[in-house]
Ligand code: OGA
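In structure tokens, the next block holds one chain alone, the form predicted alone.
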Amino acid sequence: MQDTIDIAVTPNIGVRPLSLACGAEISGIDLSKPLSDDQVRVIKQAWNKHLVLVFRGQDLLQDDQLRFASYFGDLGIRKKAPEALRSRNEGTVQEANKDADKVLLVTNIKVDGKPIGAFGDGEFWFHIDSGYSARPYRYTFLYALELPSRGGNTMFSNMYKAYEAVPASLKERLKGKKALHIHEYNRAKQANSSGDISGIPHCFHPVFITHPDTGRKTLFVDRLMTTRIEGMSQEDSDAILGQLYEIGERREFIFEHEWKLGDFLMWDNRCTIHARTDFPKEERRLLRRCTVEGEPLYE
């Protein structure tokens, strides 16, 4: 069923919810062309409501993608891995890109045995883009250029719903608490915060944050990078985080997107977590990512 969001003002724009959890398909917009203020306004309204937006059948150059993302804030600067972890995140084509500081190639493609991008093969646990930094990316934009025959789906969980599902007693216990987010540039292995992490990207954020645009509370933890809760024993922290991971990954909170060539997705990192399903490692997969810079997060 199509939403009625601003249809009287922009009759050619369709907003079709894709699941009960989150996600909506936007039709009637060609992202390769500059947009009007009305079009951007409708997209923003739909985004705040549905958290993840899908545009099908787009034909986008890199400049088109960056122009579109810039309607929603300052373009994000790609965060480079520290030297010890650099091999997990840097690709030859990615680094040679004219906008290398703004674009990430999510791909398993290799040339002469060297990856052209990053985060290539296999499943990817639920995570928040740059949740390990002091100013996590506000938004992420991902465009499909090459796809395998099956798999590689992206799953998004609605963390507003996750927050609402946290028991009241646990909300009270976690009030004012922060959790450590750390990035070791793995895809399906939780970061280890037990040793010296001074040389690894990390940051503490509130377990519950208030979304700066909607004013709604959201759960801000993920299985891949959130490792411990400040001021708790490791045993208590592990038990509580395990409970929060399970809440955040409940199937009823998840929209799973099956990619088609030309798909363009955009999502809000402050109220979603996302993951990737496995796909045939011998088949090529290439998506182009850009982001919008974020701000400090508060409970």
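This is a predicted model, so every value here is computed, not measured. Numbering starts at 1 and follows the sequence shown.
The protein also exists as the form predicted in complex with this ligand; that form is not presented, and the subsequent description refers to it.
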{"query": "Close approach of Arg78 to this ligand in the predicted complex, 4.5 Å, heavy atom", "finding": "no"}
{"query": "His50, heavy atom within 4.5 angstroms of this ligand in the predicted complex", "finding": "no"}
{"query": "Non-hydrogen atom contact His127 with this ligand in the predicted complex at 4.5 angstroms", "finding": "yes"}
{"query": "Heavy atom of Phe72 within 4.5 Å of this ligand in the predicted complex", "finding": "no"}
{"query": "Every residue of Arg16, Cys22 and Phe264 near this ligand in the predicted complex, heavy atom within 4.5 Å", "finding": "no"}
{"query": "Of Phe119, Tyr160, Tyr139, Phe208, the one that lies within 4.5 Å of this ligand in the predicted complex (heavy atoms)", "finding": "Phe119"}
{"query": "Heavy atom within 4.5 Å of this ligand in the predicted complex - residue from Val106, Ala144, Val166, Ala191", "finding": "Val106"}
{"query": "Answer range among 234 to 242, 268 to 276, 56 to 64, 37 to 45 for contact with this ligand, defined in the predicted complex as heavy atoms within 4.5 Å", "finding": "268 to 276"}
{"query": "Residues of 153 to 176 having any heavy atom within 4.5 Å of this ligand in the predicted complex, listed in sequence order", "finding": "Thr154"}
